[in-house]
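In structure tokens, one chain follows: the form predicted alone.
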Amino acid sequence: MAEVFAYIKHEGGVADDSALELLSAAKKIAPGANVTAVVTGNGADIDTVCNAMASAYSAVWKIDNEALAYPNAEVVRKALVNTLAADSIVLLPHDTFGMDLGPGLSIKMNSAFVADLVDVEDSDGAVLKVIRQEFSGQAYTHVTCDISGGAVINVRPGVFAAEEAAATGAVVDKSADAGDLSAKRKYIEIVEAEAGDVDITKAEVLVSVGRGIEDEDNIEIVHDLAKAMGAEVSCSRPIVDAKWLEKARQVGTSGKTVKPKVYMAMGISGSFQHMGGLKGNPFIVAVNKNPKAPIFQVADVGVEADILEFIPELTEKIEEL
């Protein structure tokens, strides 16, 4: 069986939520295989992450290099190609960085590529049958691919439950195998987005609104619900694009990453771009009049209703309590 690896994203010495989700996905893709975590970076933070991952993965490969201090996909791609066997199965989170890294990595390794995997139907080590979503989750596709020669698989964050840490893997330093990590593009600086009136990243409860609100004048009922709940208002990208709410309230891969305890998704379809900004396994309540909205696949509670009717009624009931 090919070796199986999970690429671990991290920041400030803390592994991304996708780290243990990839382990769960790997066990469905390659049942019975040992899964190795690969951590790239530079300095003390990488050691902290490696030690944390050793409690979950059977082994952890550390690639420490000054060129990897900032997660540049071009540099990481070189490090992985130089370190991993060509027939390896490599799992990545399907986020902005994973979408940058994955396709080129599969070409360099001459292996199969699967993007935005949301479930695994069957796998025998050579043939993999998976499920993907198309058209913002409105349709499902069933894909069969040959992974006997290796594969790069981007897994949608949040669709696999995080694996419990129950291993004592060794950390192996593979830094010397990384080779030349020169690149045509280089990190210059991080430009922080302008701060808004509210910091939704610190909110424990978010009432988030999408295109189902239909009109800017209806945004007021969302603010009323949030006030009744002691919550903050957030939104999906179409609301920002329409200039109905400021950019600082947007949740998603092109907006803010949030970790609330409760997330109220009002009239939000649940595309992976939006869900990619939701971390920490919150309790999700979804209200949408489309029974096939993909948000219902991840919601803890789903309500099929028109939010223009549902939100005022919910606000009234909460105020009564």
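Each form is matched to the other, and the largest set of C-alpha atoms that superpose within 1.5 Å is called the rigid core. Given the structure is predicted, the values throughout are model-derived calculations rather than measurements. Numbering starts at 1 and follows the sequence shown.
Just so you know, the form predicted in complex with a small molecule exists too; it's not on screen, but the next bit is about it.
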| item | value |
| --- | --- |
| Contacting member of 150, 169, 210, 157, with respect to the small molecule in the predicted complex [4.5 Å, heavy atom] | 210 |
| Of 55, 65, 254, 34, the one that lies within 4.5 Å of the small molecule in the predicted complex (heavy atoms) | 254 |
| Output flag, 10, 16 and 27 jointly within 4.5 Å of the small molecule in the predicted complex, heavy atom basis | no |
| In the predicted complex, residue 293 touching the small molecule (heavy atom, 4.5 Å) | yes |
| 4.5 Å heavy atom contact, residue 174 to the small molecule in the predicted complex | no |
| In the predicted complex, residue 99 touching the small molecule (heavy atom, 4.5 Å) | yes |
| The small molecule contact in the predicted complex: residue 278, any heavy atom under 4.5 Å | no |
| Heavy atom contact within 4.5 Å of the small molecule in the predicted complex, the stretch among 282-290, 34-42, 66-74, 47-55 | 282-290 |
| Threshold 2 Å Cα movement between this form and the one not shown at residue 61, rigid core reference | no |
| Residue shift check between this form and the one not shown, rigid core fit, residue 108 Cα at least 2 Å | no |
| Core-aligned C-alpha movement of residue 156 between this form and the one not shown reaching 2 Å | no |
